[in-house]
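Have a look below at one chain only, the form predicted alone, in structure tokens format.
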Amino acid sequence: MAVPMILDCDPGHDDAKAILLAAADPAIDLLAITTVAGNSTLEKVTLNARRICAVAGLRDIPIASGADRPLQREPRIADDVHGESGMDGPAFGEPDVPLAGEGVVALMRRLVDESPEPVTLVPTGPLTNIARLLIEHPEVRTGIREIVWMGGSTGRGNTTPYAEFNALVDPEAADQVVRSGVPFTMCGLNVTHQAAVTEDVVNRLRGIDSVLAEVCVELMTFFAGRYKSLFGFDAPPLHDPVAVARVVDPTLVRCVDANLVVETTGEWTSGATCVDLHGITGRPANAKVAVELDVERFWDRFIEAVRALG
């Protein structure tokens, strides 16, 4: 049976690919796409969600616009990585995919309440929307199967020495969600860096010979250029679809149980995800933490999703 899922994202090149995998893979029943300010402003990431859905022919999945800033902090965007539009590369036209008539929190609450099965939430941006849902409607926790987040890291960060971007933008929200008691899985940089967009991956996409596949190639080409100049990567990592892949097939992303704490006050470490992989603190495990990606099977699943939508 397909897993009912809500994808909360901030498109973003890799978020766009997460949308495609979630929408096309038969293991997932994508109930809605919700957006949050992160990689770019809320207005831009919401437009980008509509753009990628229009290209992919996804017109029956509700899209709702959510939080335009973190719970407590000033907004922070990643235009150095994703460009002025938040999803630079292809020349997108005006999307013909409308927004839903509900706000994100109301939509999430309704979908969770109406679902006959517990719903999985997959946030691939800052956790602001998810935190707001849990704060404003704590009763929905019983209807959430799990939260699978692309964010954080078991090691170093990519925006500060110890903080990954999604965690750094709203660490207070991440802290709230981790401590909520809802089953939580973290797919951090340590595992998403294994999803490298190699030349072979790009060639496989080109071989599909569809408009959507070409858009994917153009997005990845722009993303590769930014990652090369900023981080020196020969092949950029495709972060966000890894969290979706964990829901598609848990054997694609191996996890371990560990204690996870989000740093909110450190002068140099705010946004750090402190993962006790070796049990040295004695604190009980409160999260599943991704450590290994089955790279070949991951790319097979993603390529097939693009082919199915093309």
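We number the residues from 1 along the sequence you see. Everything numeric here is computed off the predicted structure, so don't read it as measured data.
Another form, the form predicted together with beta-D-ribofuranose (BDR), is not on view; read the next lines as being about it.
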Based on heavy atom distances of at most 4.5 Å to beta-D-ribofuranose (BDR) in the predicted complex, which listed stretch, 65 to 73, 47 to 55, 238 to 246, 273 to 281, is the contact stretch?
-> 238 to 246
Touches beta-D-ribofuranose (BDR) in the predicted complex: residue 150 (any heavy atom, 4.5 Å) = yes
Is residue 39 close enough to touch beta-D-ribofuranose (BDR) in the predicted complex, meaning at least one heavy atom pair within 4.5 Å?
-> yes
Contact test in the predicted complex: residue 189 vs beta-D-ribofuranose (BDR), heavy atoms, 4.5 Å | yes
At the 4.5 Å heavy atom threshold, is residue 129 in contact with beta-D-ribofuranose (BDR) in the predicted complex?
-> no
Restricting to 143 to 167, the residues within 4.5 Å of beta-D-ribofuranose (BDR) in the predicted complex through any heavy atom are 150, 158, 164, 165, 166
